[in-house]
Ligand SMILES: NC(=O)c1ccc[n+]([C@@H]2O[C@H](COP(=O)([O-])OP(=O)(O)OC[C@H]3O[C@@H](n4cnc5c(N)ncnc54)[C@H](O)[C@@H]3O)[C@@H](O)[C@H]2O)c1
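Only one chain is given next, in structure tokens, and it is the form predicted alone.
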Amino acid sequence: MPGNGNRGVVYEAPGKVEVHELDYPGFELKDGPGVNPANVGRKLPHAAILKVVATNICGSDQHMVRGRTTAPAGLVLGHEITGEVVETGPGVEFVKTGDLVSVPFNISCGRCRNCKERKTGICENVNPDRPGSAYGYVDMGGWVGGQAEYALVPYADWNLLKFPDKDQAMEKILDLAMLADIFPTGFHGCVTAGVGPGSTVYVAGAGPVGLAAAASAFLLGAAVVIVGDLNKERLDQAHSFGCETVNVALGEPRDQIEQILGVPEVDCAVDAVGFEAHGHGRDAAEEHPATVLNTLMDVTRAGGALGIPGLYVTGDPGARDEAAKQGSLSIRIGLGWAKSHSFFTGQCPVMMYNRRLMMAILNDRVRIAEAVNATPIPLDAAPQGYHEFDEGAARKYVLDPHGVLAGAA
């Protein structure tokens, strides 16, 4: 054990996060903000404690920090974790101290029916409320977040992806830090949308997940990738690695897609925005949470598919109307039915993709950190990073709790 100290990023109130002193992780889940009572006292002999090398700020975290969920004050944030194993429980057999590893944001047991079917985003045994869990996230069982110096990973032999060569991994650590969430999530959006060689693809959203989806579309062989957003800086970032762009503040994507392709439809579409979507054109200043889903049905050809990794919630206290507060949106399901669309939703099952994407990174087949503009910052700069990200910075902020990423930008 390297010591008993720990520090991490804590959600305090809407718009406010701070770095606090935390308990050093132990092999038992203790009571605390957001911890499901049925999980309190849960023994974790199968867990590993990590010294966190990189831990990212995610758009999903921002939903909580904006006060758009029921996240309690005091919740330790962070579900995108890369680290070095410093201690293992007595039930850990294969993971060893010193291993450099990526942590899928899905917490899964490896034992239930869904895990055995590789549906690790809806594990039945880690969240007493409903299938599916994640670190540092509201209504996900209360597992402590990883935007910290040290973090605990249950079912370590199952969950952790070991990098085969530590020195090689450190040379590409900013790229590998994207394996915990956004790279597999963007890739999953493209795979479920049916992206393949020669595809034309529309990605709604030029935040980190949207940029990761765009990079994934190219990796899968897409002919044209079009990214839509309201934020010019983020659209410029998408354009920097070969994407066509649509500024939805200027009007409907359909019309701009036709200018690019000669036809107003694409083969495949990905929603990388989720429930805080804004309208298009004159409505761009206002929230219209069903806008992206309806637009994707409009611009995707008949028989196409929609990959929907963008987050939708069952409870949104900040929504504009009572229906949306319950997660009920005005979706044009009749349009999707008429066009025989397929819809794929839910958490990305990271473990389904992360090893293959790791190999793509290590063998120089993709430069995901460059695509999403990964930017290391110290742990103490987390509040400023959250603020800048919320203001629309075209960056993926990577927290550096132990100062090992300083030369990796």
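Since we're looking at a predicted model, the values are computed, not measured. Note that residue numbering begins at 1 and tracks the sequence as displayed.
If you look for the form predicted together with the ligand, you will not find it shown, but the lines that follow are about it.
- A heavy atom within 4.5 Å of the ligand in the predicted complex is found for one listed residue only; from Thr185, Ser133, Thr120, Gln237, this is Thr185.
- The contact with the ligand in the predicted complex, taken as any heavy atom within 4.5 Å, belongs to Cys58 out of Leu357, Cys58, Ile368, Leu50.
- In the predicted complex, Pro208 approaches the ligand with a heavy atom inside 4.5 Å.
- When the ligand is considered in the predicted complex, Thr291 lines it closely, a heavy atom lying within 4.5 Å.
- Using a 4.5 Å cutoff between non-hydrogen atoms, Gly274 counts as a contact of the ligand in the predicted complex.
- Although the partner is absent from this view, Gln347 contacts the ligand in the predicted complex, with a non-hydrogen atom inside 4.5 angstroms.
- For the three marked residues, His63, Arg66 and His278, a heavy atom of each sits within 4.5 Å of the ligand in the predicted complex.
- Proximity to the ligand in the predicted complex, taken as heavy atoms within 4.5 Å, picks out 199-207 from the listed stretches 199-207, 260-268, 158-166, 333-341.
- Of the residues in 114-146, none comes within 4.5 Å of the ligand in the predicted complex through any heavy atom.
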